[in-house]
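Heads up, the chain below is alone and in the form predicted alone; it's given as structure tokens.
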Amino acid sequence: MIKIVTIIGARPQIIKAAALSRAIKNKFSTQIKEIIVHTGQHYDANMSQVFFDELNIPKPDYNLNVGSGSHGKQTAAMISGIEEILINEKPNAIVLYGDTNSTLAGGVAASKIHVPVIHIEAGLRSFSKAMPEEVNRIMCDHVSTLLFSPTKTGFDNLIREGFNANAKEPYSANNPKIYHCGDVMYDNSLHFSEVAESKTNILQTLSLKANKFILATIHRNNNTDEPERLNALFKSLNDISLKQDLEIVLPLHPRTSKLMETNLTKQNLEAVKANKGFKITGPVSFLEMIALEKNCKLVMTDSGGVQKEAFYFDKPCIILRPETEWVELVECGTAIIADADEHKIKAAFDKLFTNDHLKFPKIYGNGFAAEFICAEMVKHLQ
């Protein structure tokens, strides 16, 4: 039996980890022992604990409780804590997801003491190193032994960066193995979509009708921290709502909730609050988010994960960022990059909202990415 240490910290990682934990429980329980480490990067109960409860994820074996702080302070605390756990547990590998500070810390800690790194969501690139996430994902990829890309584009990115698609065993950080395996979040969306219908009542709670509302999310620092961008986003959403007589649902990240009160102009803030069709809620659970995504008409988001989930449920998406890692969505024509530009957002809305001929090809695998990853770990980590 192999032992892996799974690192989670931010809300999306907790959800992604559910797919792997489920595959281990159902198919690999005699071959893989999983130790879960929660860094505490997201420590709010609504942003973290609810996901363990709702998605039936095993409780963490360790919690570093690092909390918030500067990138350096937060990452340093994680590196120290993860290193100590790795030394004590002596795993065959560490499993890292995505591109957060928890991902970076796990990659640094493990590589320094020669614990093999498994990176899930490898190869994604925005090609903007101004994004902290871009730096995190690049650095993690380049110390990894097994790299699992959810898309062909991600796989090709790795090859362009010098990874060998035909590497032979034994695999190591100096001779890594790269895969195009599909997306564990697609696994999750398929698994939980039926559960969401029966276990959530958010549509009734918010008095929403299927295909009659827009789902929006805003959480990235450059959108929330820069008043000009935040005002452009909220004004665009509000204008579209009023012009189209459409309801907009905006589950607010705690940071965004705080910053909209200080960074929106008085006029903009009052206009949003006066619009009864602009429904601002607190953070929603994963199952509630799935229900909203399945039943909305269109998605507007700066979240990479939500862009994909919109695609899973055949919903057009307006990307509120200047770039995306999920270039396939744009190439398919189901998503448009509008950034925080009021005119581009409204033009994208006009183009997507009434287009009934969009195609949503199955580019994120067959729903069994987590099982494939487990099988490869068992095969190559013995």
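These numbers were taken from a predicted model, which means no experiment stands behind them. In this text, residue numbers run from 1 along the sequence as written.
Not pictured, yet referred to below: the form predicted together with a small molecule.
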property	result
Output flag, F148, M377 and H380 jointly within 4.5 Å of the small molecule in the predicted bound form, heavy atom basis	no
Answer option from R220, R125, K279, H142, heavy atom within 4.5 Å of the small molecule in the predicted bound form	R220
Contacting member of V284, L208, V195, L246, with respect to the small molecule in the predicted bound form [4.5 Å, heavy atom]	V284
Close approach of M185 to the small molecule in the predicted bound form, 4.5 Å, heavy atom	yes
S303: touches the small molecule in the predicted bound form, heavy atom cutoff 4.5 angstroms	yes
Partner contact for V95 in the predicted bound form: the small molecule, 4.5 angstroms, heavy atom	no
Heavy atom of M289 within 4.5 Å of the small molecule in the predicted bound form	yes
One stretch from 106-114, 87-95, 212-220, 155-163 that, in the predicted bound form, holds residues within 4.5 Å of the small molecule by heavy atom	212-220
